[in-house]
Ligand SMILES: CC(C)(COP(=O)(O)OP(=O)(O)OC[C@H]1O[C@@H](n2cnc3c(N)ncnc32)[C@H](O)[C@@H]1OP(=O)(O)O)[C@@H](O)C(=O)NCCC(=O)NCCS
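Listed next as structure tokens is one chain, alone, in the form predicted on its own.
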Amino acid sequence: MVTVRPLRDDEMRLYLEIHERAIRGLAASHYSQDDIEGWVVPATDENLRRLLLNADREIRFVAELDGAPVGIGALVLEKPELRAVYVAPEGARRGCGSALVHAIERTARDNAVTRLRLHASLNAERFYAALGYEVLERAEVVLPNGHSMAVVRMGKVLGRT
């Protein structure tokens, strides 16, 4: 059974661990090692402090599969942007990612957001398309290590539920 709940302040290390496991476990077939290394955010004290500071005011979620945390998600209302959905390999294709997206969309609608945008990784494009997101353009983002990584900008008009 999949449940989604808010991320607690004491779970920032868990957030980064799931982020890393998802990238290393699910994106390696679509990206180079340089991409992967630039994309992963190490769980250093500085990165944990920055995540806790939450300058973009992300609303963060955790997906649990049978009580075990396996996914994370984030929404930035001011952009409005679906900032992140990452699921560790053991939770992949078991409804965790979809549950996170639905929770993010519900929160967005509850805050009068009518359209969400996101940057999808190449390996996640089909996942988002299946949930109604449309490709806006193909682009590249510059990672902290200076390496450019291919992404797909996508968007969705949120309907009522």
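In this text the structure is predicted, and so the values were computed from the model without any measurement. Note that residue numbering follows the sequence shown and begins at 1.
Beyond what is shown, the protein has a form predicted in complex with the ligand; the following relates to that form.
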Next on the checklist: Residues Leu26, Val87 and Ala92 are flagged as a possible site; in the model of the complex, is every one of them within 4.5 Å of the ligand by some non-hydrogen atom?
Outcome noted: yes
Checklist entry - Of the options Asn47, Thr107, Thr114, Asn123, which one has a non-hydrogen atom that comes within 4.5 Å of the ligand in the model of the complex? => result Asn123
Item to check | 4.5 Å heavy atom contact, Leu53 and the ligand in the model of the complex | outcome: no
Next on the checklist: Is Ala68 near the ligand? Define near as a heavy atom within 4.5 Å, in the model of the complex.
Outcome noted: no
Checklist entry - Heavy atoms within 4.5 Å of the ligand in the model of the complex: does Trp39 have any? => result yes
Next on the checklist: Residue-level question: is Tyr133 within 4.5 Å of the ligand in the model of the complex, judged on heavy atoms?
Outcome noted: no
